[in-house]
Ligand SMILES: Cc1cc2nc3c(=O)[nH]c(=O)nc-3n(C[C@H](O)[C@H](O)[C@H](O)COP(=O)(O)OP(=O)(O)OC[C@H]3O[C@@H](n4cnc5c(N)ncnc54)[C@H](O)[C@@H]3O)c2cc1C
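Only one chain is given next, in structure tokens, and it is the form predicted on its own.
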Amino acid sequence: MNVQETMASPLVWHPQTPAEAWLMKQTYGTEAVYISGGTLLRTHWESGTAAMPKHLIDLSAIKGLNEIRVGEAGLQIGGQMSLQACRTNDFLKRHFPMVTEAIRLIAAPSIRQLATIGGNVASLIGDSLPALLGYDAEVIWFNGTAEQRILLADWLRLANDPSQRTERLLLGIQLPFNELTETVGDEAGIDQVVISKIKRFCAYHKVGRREAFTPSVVTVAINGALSDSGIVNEIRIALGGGQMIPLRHEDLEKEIIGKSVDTPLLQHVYNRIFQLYEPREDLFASAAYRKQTAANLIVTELWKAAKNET
């Protein structure tokens, strides 16, 4: 059967619960796919790079996946929230600005109205992923019997390892609230914990071949905190772009924490990104160009934070 014939007659299923959706996927196997907004999948079908499967499992009817909830531990975003709804959410913009900035740069407004945050994450190459990694996000997923949570960084590492890949139904994303605290001493036998005097900084960049509606060449997210004296108290660095699965660079983060942002440190960061960042080369850009661009962006943001520039 050719692509046109397959596209003309898919069966669309509307499960009401994660368990129903999971059972359908187990029943139809490779002949079925989960679908949210379907914007990325549709580009594959229309270009002929993939055939539309016989069964589409539409997740939009599952209750609770199309809302944002604020809890004590953080902000929970349902996987069926559209990118546009996420982008315009005031709470998300105020507390997690890298996420809304990343979404602003994804595709065109008409596509953002349909595309979902869950679909962008589940694609494994979505431009929102570095921003979410920069906030140490968790993913909420269904394993066939129960909901589970795992750090997004670990979820993506497993996806990078073919031997560890399993069927995973993404339900949502959890963004934790995070205040830096430190123990400052013991007075009269009582440990006192106070909020550190810090300067928080964060930045998200997407570099493409044109200004808007463009595939990413490099995506960068950096989120950190500096003490009054310019010492790095906390840092998260995530890099993606093109068809690579974005990753946190935790080895580099450990090397930076506790160090003063000066010329030797910036040179070290620049060199280490060239060593650690392994982008895929394609027709849009060479691996060397992507490495240099990512290194320049990270070093620039660290320098700006240390110089109190925005």
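Bear in mind that the values here come from a model prediction, so they are computed numbers and not experimental data. Residue numbers here begin at 1 and follow the sequence given.
Note that the form predicted together with this ligand isn't included here; everything after this is about it.
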| property | result |
| --- | --- |
| Candidate site His95, Gly134 and Gly240: all three near this ligand in the predicted complex by heavy atom within 4.5 Å | no |
| Options 232-240, 146-154, 87-95, 113-121; stretch whose heavy atom lies within 4.5 Å of this ligand in the predicted complex | 113-121 |
| Contact of Gly37 with this ligand in the predicted complex (heavy atom, 4.5 Å) | yes |
| Exercise: Thr214 in contact with this ligand in the predicted complex, heavy atom 4.5 Å | yes |
| Close approach of Ala107 to this ligand in the predicted complex, 4.5 Å, heavy atom | yes |
| His205, heavy atom within 4.5 angstroms of this ligand in the predicted complex | no |
| Contact assignment for this ligand in the predicted complex, among Ile173, Ala221, Val99, Leu83, heavy atom within 4.5 Å | Leu83 |
| Selected contact from Val139, Leu75, Leu169, Leu226, since only one has a non-hydrogen atom within 4.5 angstroms of this ligand in the predicted complex | Leu169 |
